[in-house]
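Next up is one chain by itself, shown in structure tokens, the form predicted on its own.
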């Protein structure tokens, strides 16, 4: 196949991402797990890229976890999402950006349902009007926040202070990228690269100097799966899913993991601690674990933002070894200081992996 033919085929795996004027909705999960990530995203968009991005504090959860756990019906979820769209409409925006992968998949599902079954959109409009008196317009463009960072990855690289390079060896850092299941497995055309060749995180890694690690269980679920974790009796399945991934990637010696889903970094981060406590097992070199980052956090590090300002102290797996590799300065004395320099308290250190 000639190169032009390959380029034409690859075009089918691309998606349109708006350039500016975004209505942004946060993730209920991320605000609890890694609260600094969304703040970093807004900081990059507003202060670095000078983009117009607006959020309404009255927005709510998309109801995705309840819907996928069979707690509420689809009609309720459609009405909740219709309300989100009404907030966007009232604010005068048409480009909708969501922080959560589950939300992204659910917005896609609702909009596809409305496209194929217009009567369902009419039903949601009626339910919303009866419940709140509001009305809505469907967004012109819907993107996940990782799509936005991907779109501006070159601009970020041009302003970067650090790269995904080992400062001592000069070699690219070996990075595992993990795509959230609801990003492109549900509706492949909605994700960059589709379900077959998801490129949204790979593009960032390559642009910022890293090397992408391939391994057998690269597309395996992180272990969240909602019912796998929400039901206490099923949590062993959640842990086993993560363990399967770590056992598979270990021989390839990754130095960090990059994710684009709210739940994935939490489980890939926390389960490493659990496995170290249960089995004394770590997956990084010399007793270290493998640090896990969201795409916003990694972009912030590349741009030179203070690690503690972007919330890396809430990670279970210590990030300091990676910061040293990249040559990023940090003050260990400030790791657990909150606003105004108040000491927040230091958590108990894990028994079986190195924290320094």
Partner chain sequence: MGKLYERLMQDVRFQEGLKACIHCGTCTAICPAAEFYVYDPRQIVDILQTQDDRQIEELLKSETIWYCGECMSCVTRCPRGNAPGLIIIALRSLSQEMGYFTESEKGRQQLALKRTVGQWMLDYGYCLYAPLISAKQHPEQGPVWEWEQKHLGDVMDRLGANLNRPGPGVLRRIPPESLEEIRRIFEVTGGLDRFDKIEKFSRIKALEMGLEIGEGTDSEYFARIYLGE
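Just so it is clear, the model here is predicted, and its values are computed rather than measured. Numbering follows the first chain given and starts at 1.
Although it is not shown, the form predicted in complex with its partner chain is what the next lines describe.
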Check your understanding: its partner chain isn't shown here, but in the predicted complex, which of 234 to 242, 137 to 145, 168 to 176, 200 to 208 has heavy atoms within 4.5 Å of it?
Key -> 234 to 242
Check your understanding: Does its partner chain come within 4.5 Å of a heavy atom in each of 41, 163 and 254 in the predicted complex?
Key -> no
Practice item. Report whether the minimum heavy atom distance between residue 346 and its partner chain in the predicted complex is within 4.5 Å. Key: yes
Check your understanding: Does residue 73 reach its partner chain in the predicted complex if we count a contact as any heavy atom within 4.5 Å?
Key -> yes
**Study point:** Distance check, residue 186 to its partner chain in the predicted complex, heavy atom within 4.5 Å
**Key:** yes
Exercise for review: Tell me, yes or no, whether residue 131 is in contact with its partner chain in the predicted complex, where a contact means a heavy atom of each within 4.5 Å.
Suggested key: yes
Point to revise | Single option in 281, 151, 270, 121 placed near its partner chain in the predicted complex, where near means a heavy atom within 4.5 Å | key: 270
Practice item. Taking only heavy atoms into account, state which residues of 25 to 52 are within 4.5 Å of its partner chain in the predicted complex, ordered by sequence. Key: 26, 28, 29, 31, 32, 33, 35, 36, 38, 39
